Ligand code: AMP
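Coming up is one lone chain in structure tokens, specifically the form predicted on its own.
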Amino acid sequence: MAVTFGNADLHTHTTASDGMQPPAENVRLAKTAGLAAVAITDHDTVAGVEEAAREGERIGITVVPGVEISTVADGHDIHILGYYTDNEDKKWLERLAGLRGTRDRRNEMIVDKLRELGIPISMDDVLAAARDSGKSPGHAKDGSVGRPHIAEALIRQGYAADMKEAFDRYLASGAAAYVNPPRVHPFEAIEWIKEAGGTCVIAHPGLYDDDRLVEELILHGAQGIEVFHSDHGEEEEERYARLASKHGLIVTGGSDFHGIRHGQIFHGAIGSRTVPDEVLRQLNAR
């Protein structure tokens, strides 16, 4: 696989949240792609980092500890990436656990809304989909279950043909069963990451359709911006590169790999969006 921009993919998900591959497999895929480094950035959990780091040491590839925090601002789902946090910090881990509690409540609200629409799936069905997707028992306590697992339950019961249809009809913003419960504000996530000794980066800003809000996050203290992402086109990359230059931000990038579901790669293959490994030193230095 050709490496497009450099040799570090700083955005991948594993079975510790809603990815399809165990953390060690993401590391092996990165090695196969010719990368020097890969980040594990699961949703609201760092449960997959340790396994990935062990595999990285074994096969000779740098594993960047990360997390992707789910927040809401002005009705938008906003994701903040955190890198090099102190994952032994008790307060930090308690905060992540609280976020997973919100995620669990959101899942239950979505399932309730689906049942109101006449689709009789249950949380047991969703949890079974999560288990069957390869979620390691070792990650069960600290891992997170999300909308892709609900989508899988819908596919299994014949209410959607594939992931795209499940999201388009039921789970994406504005779809029939979409819900957006109260979450932490991204300002708070930025502060939490810094308090845990990490570096905070605005994830995939092109998906928010609100550059005013993106600038507010920068002014509040975001230290980097994900310029290169599988869902960014050339225009978005150029626009956010200019924004990074204007504010002196770290330029990051990653595939946002979630694995392969029913023949579809979400969002991109590991190594399809990357940055030079010099960025790791910038993230660590902050």
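No experiment lies behind these values; they were computed from the predicted model shown. Counting begins at 1, following the sequence as shown.
Not on display, but discussed next: the form predicted in complex with this ligand.
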Exercise. Looking in the predicted bound form, any heavy atom of residue 167 within 4.5 Å of this ligand?
Worked result: yes
Problem set entry | Touches this ligand in the predicted bound form: residue 148 (any heavy atom, 4.5 Å) | yes
Exercise. Is there a non-hydrogen atom of residue 223 within 4.5 angstroms of a non-hydrogen atom of this ligand in the predicted bound form?
Worked result: no
For this session: Look up in the predicted bound form whether residue 230 has a non-hydrogen atom within 4.5 angstroms of this ligand, and give yes or no.
Result: no
Seminar exercise, completed: Of 124-132, 103-111, 193-201, 212-220, the segment with heavy atoms within 4.5 Å of this ligand in the predicted bound form is residues 103-111
Exercise. Every residue in 70, 258 and 267 with a non-hydrogen atom within 4.5 Å of this ligand in the predicted bound form?
Worked result: yes
For this session: Sequence order please: the residues of 11-44 with a heavy atom within 4.5 Å of this ligand in the predicted bound form.
Result: 18, 43
